[in-house]
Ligand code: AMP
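As structure tokens, one chain now follows by itself in the form predicted on its own.
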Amino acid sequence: MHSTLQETLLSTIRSITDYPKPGIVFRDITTLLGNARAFRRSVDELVHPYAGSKIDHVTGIEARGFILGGAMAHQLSAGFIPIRKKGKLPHDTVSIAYSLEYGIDEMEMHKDALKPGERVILVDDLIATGGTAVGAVKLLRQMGADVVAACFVIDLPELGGRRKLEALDVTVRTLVEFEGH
């Protein structure tokens, strides 16, 4: 019997209570990534709407976005651009400050990673409050990118991140939802 995509993903995502702090349920996709069928189905489903369209780059947010983004870029015959925490990239960078739940952080990408007008898809494992993803979209647009979509395996809708991206006119694609945070 073939299970639905939803069943496959929900059964392979590990939930860890009280991590990284009390009251939080951490949604761990390392178990999904370790399951060949779930990993393949996730990547296939994330790229499906964009197959055959011209995508220049997939941009992944450190670190799980690198894993998903590399696989997506391969399937789309696109390049891959890492978006990293400040100080991790070796060449000239452009950076942006963004809001976290408890403060501000910075992310950056190489200045020469893309040309204005190139079509990109942003990817990460999960969309929660949206602070990191919104920062990444603003950074990409600052570089002149056409952000075609933002893709995530997991959405935590109660935290409102999807709405923040949609308010920036970004198409959001997610595969499963979890209640809470």
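A quick note: this is a predicted structure, and the numbers were derived from the prediction, not measured. Residue positions are given as counts along the sequence shown, with the first one as 1.
The same protein also has a form predicted in complex with the named molecule, omitted here; what follows describes it.
- The listed set Ala113, Leu156, Leu139, Ala38 contains one residue whose heavy atoms approach the named molecule in the predicted bound form to within 4.5 Å, identified as Leu156.
- In the predicted bound form, none of the heavy atoms of Arg119 sits within 4.5 Å of a heavy atom of the named molecule.
- Interface membership of Gly60, defined by any non-hydrogen atom within 4.5 Å of the named molecule in the predicted bound form, is ruled out.
- Although the partner is absent here, Thr129 is a contact residue: one of its heavy atoms lies within 4.5 angstroms of the named molecule in the predicted bound form.
- Residue contact with the named molecule in the predicted bound form: Leu168 places no heavy atom within 4.5 Å of it.
- The chain is drawn here without the named molecule; in the predicted bound form, the stretch among 121-129, 66-74, 50-58, 142-150 whose residues come within 4.5 Å of it by any heavy atom is 121-129.
- Residues from 19-58 that approach the named molecule in the predicted bound form with a non-hydrogen atom closer than or equal to 4.5 Å are Ile24, Val25, Phe26, Arg27, in the order they occur in the chain.
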